[in-house]
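The chain below stands alone, shown as structure tokens; this is the form predicted on its own.
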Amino acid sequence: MADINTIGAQFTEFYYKTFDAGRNQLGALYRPTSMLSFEGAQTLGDAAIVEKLTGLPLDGLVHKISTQDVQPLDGGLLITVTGQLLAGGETNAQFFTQTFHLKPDGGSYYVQNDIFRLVYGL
């Protein structure tokens, strides 16, 4: 089995590259039981999560990752990411934190829980 930090780094790179290029492609990472909390609003299920993410007014978005921490959790992984968002060519970045609970699925992982928050006042 691969090192959890390697898996976490691979997942994080894939997730944010896919998010920035085409959020509609993220559906394969979620399942009908997956839960997204985005700025406190909860969304349940893969289709509803993709609908929520694609409906966000975030054209030209670029994620810049600052930190990433990975821990094992019940046979899966807990990943916490901090970073900055740059939207639509803006020069003032918005800070964010995001936590993923990945659960094993065959030889891969899916996102069971996804919690996203903007960080204000920095």
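Small disclaimer: the values here were computed from a predicted structure and weren't measured. In this text, residue numbers run from 1 along the sequence as written.
Form predicted in complex with a further copy of the same chain: not shown, discussed below.
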request  = Could you tell me if all three of Asn24, Leu29 and Leu86 have a heavy atom no more than 4.5 Å from a further copy of the same chain in the model of the complex?
outcome  = no
request  = Flag Met35 as yes or no: does it have a non-hydrogen atom within 4.5 angstroms of any non-hydrogen atom of a further copy of the same chain in the model of the complex?
outcome  = yes
ask   = Might Asp74 be said to contact a further copy of the same chain in the model of the complex, defining contact as any heavy atom within 4.5 Å?
value = yes
ask   = Does Thr12 make contact with a further copy of the same chain in the model of the complex, using a 4.5 Å heavy atom cut-off?
value = no
request  = Verify the contact flag for Gly40: yes if a non-hydrogen atom of it lies within 4.5 Å of a non-hydrogen atom of a further copy of the same chain in the model of the complex, no if not.
outcome  = yes
